[in-house]
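In the block that follows, a single chain appears as structure tokens, in the form predicted alone.
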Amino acid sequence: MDIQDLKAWLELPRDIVILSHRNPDGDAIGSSLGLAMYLRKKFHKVQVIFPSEYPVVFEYLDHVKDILIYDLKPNESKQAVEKADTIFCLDFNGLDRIDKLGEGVQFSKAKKILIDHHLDPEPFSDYEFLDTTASSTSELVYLWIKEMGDIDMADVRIGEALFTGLITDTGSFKYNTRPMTFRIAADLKELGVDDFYLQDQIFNALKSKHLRLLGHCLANRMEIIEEHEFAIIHLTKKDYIDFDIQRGDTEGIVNHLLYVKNIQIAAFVTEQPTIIKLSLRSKGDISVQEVATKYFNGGGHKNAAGGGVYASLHDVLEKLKRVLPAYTKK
């Protein structure tokens, strides 16, 4: 499928499902909702589906409560995928990232459109709009709407959703940016998007327990390896109970490690019920995507990646301390 085929396909009203990955972040949510609002303007029937629940901090976005959550409504989610004649896959490039929904997508006869900025996509789609240099999938959704010749259909609500993705995937424009990122941000501001309002909604909506958790992480769970220029924070299963940690509560904690002068790699390691999850961040040319892929069954971007392994917390922490020095030396 090329862009002209896709334009022709979308000239008629379609039954569309938009999917994004488990544990959706601001970019997954913003890109999905922004695309959905645009497609509804084109008179398509659209349903956004996530495998798991989204953080409540993003409830300021229009239509966020219309999102279907597979974990809560599996049968309804499966039926929507089965019924769809068009499936958009946003912010993921492998069907394992959407868990049990992946099988339905794999065997669906619907047209499959992938919009993403991650490396090494699996060949499951009919049409791809990919750019690994893009800041976010929200940036690519904006560019795709422009490619479709419909950028004049963008409005403030669509802009708020896409700007949310820009803010969250760049850490408020601190990393993963390129000139195009700022051009799109400027375009969205000209539409009337209030970026201060969005920043306030995203970053100034913490509960007191979030500050106590952050304090615990920095005071009791942080390890700075100065000679090798990396730092690690870990959380145990007991920490999850003691601080009543829910989905989204640990978002952004890993970034605090990079505030330390000369720290090049930050690792945030959490002991889940059956798996150890990792979030990795880096500065400059250091690829934590390579670290995540090679050692921790993960992937992501050059400066922001993650993974998960079935091992003990102690073994994962020791492995990090063995492999990271080789990357900071580079």
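In this text, all values refer to a predicted model and were calculated from it rather than measured experimentally. Numbering starts at 1 and runs along the sequence shown.
Not pictured, yet referred to below: the form predicted together with a small molecule.
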Inset, instruction - Have a look at 292 to 300, 257 to 265, 59 to 67, 39 to 47 and name the one stretch with heavy atoms inside 4.5 Å of the small molecule in the predicted bound form. - result: 292 to 300
Legend entry - Contact label in the predicted bound form: residue 270 to the small molecule, heavy atom within 4.5 Å: no
Inset, instruction - Determine whether any heavy atom of residue 279 comes within 4.5 Å of a heavy atom of the small molecule in the predicted bound form, and answer yes or no. - result: yes
Inset, instruction - Consider residue 118 of the chain shown here, and say whether it contacts the small molecule in the predicted bound form, taking contact as heavy atoms within 4.5 Å. - result: yes
Legend entry - Contact of residue 304 with the small molecule in the predicted bound form (heavy atom, 4.5 Å): yes
